[in-house]
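One chain comes next, on its own, written as C-alpha cells: the form predicted on its own.
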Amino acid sequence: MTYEVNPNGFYGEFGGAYIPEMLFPNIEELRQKYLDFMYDSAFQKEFQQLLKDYVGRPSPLYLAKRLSKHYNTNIYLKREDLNHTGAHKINNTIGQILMAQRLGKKRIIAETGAGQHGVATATVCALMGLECIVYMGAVDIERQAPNVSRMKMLGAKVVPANSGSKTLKDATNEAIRDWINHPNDTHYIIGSVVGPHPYPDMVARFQAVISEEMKWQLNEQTGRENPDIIIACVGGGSNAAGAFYHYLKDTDVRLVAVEAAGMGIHSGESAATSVLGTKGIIHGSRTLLMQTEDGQIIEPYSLSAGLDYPGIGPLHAHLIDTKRAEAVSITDAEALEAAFFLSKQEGIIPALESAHAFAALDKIKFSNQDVIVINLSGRGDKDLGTYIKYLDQYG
C-alpha cells in the first residue's frame, strides 16, 4: 500500500484536480514546477533559514509529566503552538510565499477559518512586501476577532464571506472565485491539505518538517525514532499530515485523526466527515465530504472554527479508507473539557482545534509503556473569548 500521491495527484481513489478551465494554466504551472522549486538548493536554504530564524524552529517536543501520570502512559507534546504566529500554519505559508515569488506573483489570496492561516499568510506577505487579501466567513470573523485584528495590523485586507454557513467552506469558495477573476498576477495560498493537486501534496511536504523533527527529538529523548501513537486534529488536515508524514510507511505507528463531532455525530450539527461523509468532489479534489444524496453540501458545525469544514483532505480520506489511520470524533463539550484540563495540568492553554486531539486520550486504548505524541497545533489565545464563556462550567 502506498500513501504517496501518484503523478495524477491521487491518493488511491482520492485527490485529482477538478477545476474550472480558467484556473488550468495556474494549476498546471504549479504542478510542473513545485517539486523543482522545493528541491532547489537555494529554495531549501532560504526556507530552512526562515524556519529557524523567523519561525523559531525546531519546535520543542515536551514530555508532559502530569498528563502522562494522569493517563498512566508517556505523552509527548509537539509544541507547534510556540511557532511565530502561534500555530503550525506558518510552516506552509513560508514555503508558499517563496514559491509565489519564484512564480512572479505579486498578489496573494488566502482563506481562513480559525484565522491562524490568515494571520500566517498576512505575516509572510508583510515579510515579503506583497499584497494580501484574506477571505473569512462572517461567522468566523465574529468568533475569531483577535486574529482578524492581527491580519489587519499586518496590512491584509479581510473580506467577509456571507454565503452558506458563513464559515471556512464559504471563505474557500470566495477565494477560488477571486483567483478565477485574477489568474495572472495572483497566487492562492491554500492553508490545508485540500484543493486540487498539487496543493494537498505541496502543503503536506511543507508541514512534514513537524514529523521530521519528531524523529530526531524522540530518538534524543527515548532512544527510538518511532512513537507508538500519533494523535492530531483534522479539519482539512495539514497539521495531521505534517505529524504523520514521515511515519506513513511505518505501520507499527498508530495514526489517530481527530475530527469535530460538534453537538454529537448524528445531531445534525457536526463536522465528523469520516463517519458522515461520502465520496464526492469539493474545492477541486475528490475526497470524503458531507453531502446530501443529490450532492448538495451539508453545512458542518463545530465550536472550533478551524475544524468547521464539510470535507477532509484526500490524503486523510485515503488513510481512513485503507484503515492506515483511525478516526475519532470529539464533541464541543469533550474538547472544552480537555482544553481546561490541559491548562490546569501542564500550564498550556491549547487552541480549541488542538483540544480535540487531547480529548481523544479518553477514547482510544493504549498501554502504560506506550509513547504517544500529540501534535499541539496551536495556542489558545485566539479562543479565549470562547473559553471565557465556559469558565464557570469547566473552570
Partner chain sequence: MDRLSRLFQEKQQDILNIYFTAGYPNLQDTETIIHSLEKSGVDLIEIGMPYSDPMADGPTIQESGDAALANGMTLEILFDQITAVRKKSDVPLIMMGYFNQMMQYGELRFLKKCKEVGVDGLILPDLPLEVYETEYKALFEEMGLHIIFLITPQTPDARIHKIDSLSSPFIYMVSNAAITGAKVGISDTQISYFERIQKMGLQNPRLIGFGISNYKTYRTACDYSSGAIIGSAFIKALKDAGNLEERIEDFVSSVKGTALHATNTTD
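Since this is a predicted model, take the numbers as computed values, not measurements. Numbering follows the first chain given and starts at 1.
Unshown form predicted together with the partner chain; subsequent notes refer to it.
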Partner contact for K152 in the predicted complex: the partner chain, 4.5 angstroms, heavy atom
no
Taking the partner chain as it sits in the predicted complex, is I372 in contact with it (heavy atom to heavy atom, 4.5 Å or less)?
no
Given that the partner chain is not shown alongside this chain, does G284 nevertheless sit within 4.5 Å of it in the predicted complex, heavy atom to heavy atom?
yes
Just to confirm, G12 within 4.5 Å of the partner chain in the predicted complex by heavy atoms?
no
Within 4.5 Å of the partner chain in the predicted complex, heavy atom basis, the matching stretch of 200-208, 313-321, 179-187, 118-126 is 179-187
Selected contact from T251, N219, Q296, N72, since only one has a non-hydrogen atom within 4.5 angstroms of the partner chain in the predicted complex
Q296
From T85, N173, S270, S274: within 4.5 Å of the partner chain in the predicted complex by heavy atoms is N173
Judged by heavy atoms and a 4.5 Å cut-off, are I19, K279 and Q291 together in contact with the partner chain in the predicted complex?
yes
If you look in the predicted complex, which residues in 234-251 sit within 4.5 Å of the partner chain (heavy atoms)?
none
